[in-house]
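A lone chain, given as structure tokens: the form predicted on its own.
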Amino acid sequence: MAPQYDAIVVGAGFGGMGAGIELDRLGLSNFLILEREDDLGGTWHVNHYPGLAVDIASVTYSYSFEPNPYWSRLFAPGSELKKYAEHVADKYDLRRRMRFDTTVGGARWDEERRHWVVSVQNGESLTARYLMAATGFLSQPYTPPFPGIDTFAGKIIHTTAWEDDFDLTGTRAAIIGTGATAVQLIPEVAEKARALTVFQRTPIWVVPKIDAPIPPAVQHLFARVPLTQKAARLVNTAALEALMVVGVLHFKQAKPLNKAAGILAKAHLRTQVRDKETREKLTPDYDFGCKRPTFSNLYFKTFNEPHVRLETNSIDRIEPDGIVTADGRKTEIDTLILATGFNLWDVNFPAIEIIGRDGRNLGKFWRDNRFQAYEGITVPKFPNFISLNSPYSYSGLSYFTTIEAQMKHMARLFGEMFRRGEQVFEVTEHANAEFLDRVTDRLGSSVFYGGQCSSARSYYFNQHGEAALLRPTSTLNAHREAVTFPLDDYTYGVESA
């Protein structure tokens, strides 16, 4: 029996939409995008907390083939990213092939029929020749199991489930977490709350945010002369490459650049926070780049406010009316905001159960062995499977760099498969092992292994202590290899099944 669909894509964020656009280009237009939320946009649909904005300049954080000349600011607010996602879905006719409020339970490779069987939580089974996981890197919210959290009598709100009608005015609020989300949210909460306590486990590197409105004249110039926006994208991408690729991934060879970034962040902190003791608490004791750094001109200043307090003692328990720290001190609150981030390695790789050839369970395989994926996109014993958020896939600092490199890889892979008149592909064990050895060797020069990262508690590291998220090459290399990888790194046809 022929499968119902050419392909099923799990996830309707920018990664899933990129896969859909590439499938159309390949002539595989009978695809279905399944999304557990009630609309498209991924993180830009789920997240709408106050202060939400991109932390990569908007000219870079967008598809290069679909520029938006009308961003209102250098770093656009989250609502504009959501509108951009809707525009892309409509322009590329993706929406009619999306199904919302649909949670995928798992997927299994049918060796006899040579297609994927995808199970949906309502009991329905769907079949497709190809399966693409685009569930995103930050899609599974994490709430630490704080003792007593179930007894809290006040309001608890996670940043991924923000209630737009919730009024913070006059509240005694606590925010747990000081990651990139909290950096954006804390100044907004401080403006309205009567008292705010920020519970920090690990400080974060923060550098100045060179942000400003984009004048209408510049927007019109971008619209009339697209080359000008391309130039702006190139300049910004080059700056990000210097920060990420040179300063972080080539730490051993470029320690001065890494140290310079740290000095800039410390100077930013020193000029913004008056109290010396607070500055010391906000200063990371790990090297720049061990955790993803962020940009803000408001975060540090917030701690000068008399009603804002930074708490660095660990949380012992939560009581109905407050939080008790390890030193026995109790902070009375009525509102608890969880900016506790996401669970990447335990439940996000992969986000659903995926069973490949010979019954191999992808999640178990990764956890029992090493997290791995050839070119960050395919895995041996998983025929016709494209994993769009995989180990060693994230390239550069803008997610769109990764998305577009993977689209190019799809085009080359499927093009060769079609040229051979086949319908099944699978990466070879040899090619996968060779790629894993190569990225492991290159990561030896990175800040992750050459710097001091032991206290960073970074999501870059998995439970085995490996920094298996980032691809340790330049963006240029990722895109070049996506169109030049050896075609014989894959098997095609009956020998794959």
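In this text the structure is predicted, and so the values were computed from the model without any measurement. Sequential numbering from 1, following the sequence displayed.
The form predicted together with a small molecule is left out here; the points below concern that form.
Using a 4.5 Å heavy atom cutoff, W44, L138 and F146 all lie near the small molecule in the predicted bound form. Contact annotation for I176: at least one heavy atom lies within 4.5 Å of the small molecule in the predicted bound form. Although the partner is absent here, R172 sits far enough away that none of its heavy atoms falls within 4.5 Å of the small molecule in the predicted bound form. Using a 4.5 Å cutoff between non-hydrogen atoms, Y92 does not count as a contact of the small molecule in the predicted bound form.
In the predicted bound form, no heavy atom of C290 sits within 4.5 Å of the small molecule. When you look in the predicted bound form, the only residue of I386, A182, I337, I354 with a non-hydrogen atom within 4.5 Å of the small molecule is A182. With the partner removed from view, the residue among R317, K252, R201, R270 that has a non-hydrogen atom within 4.5 Å of the small molecule in the predicted bound form turns out to be R201. Shown alone, this chain has one stretch from 32-40, 445-453, 426-434, 51-59 that lies within 4.5 Å of the small molecule in the predicted bound form by heavy atoms: 51-59.
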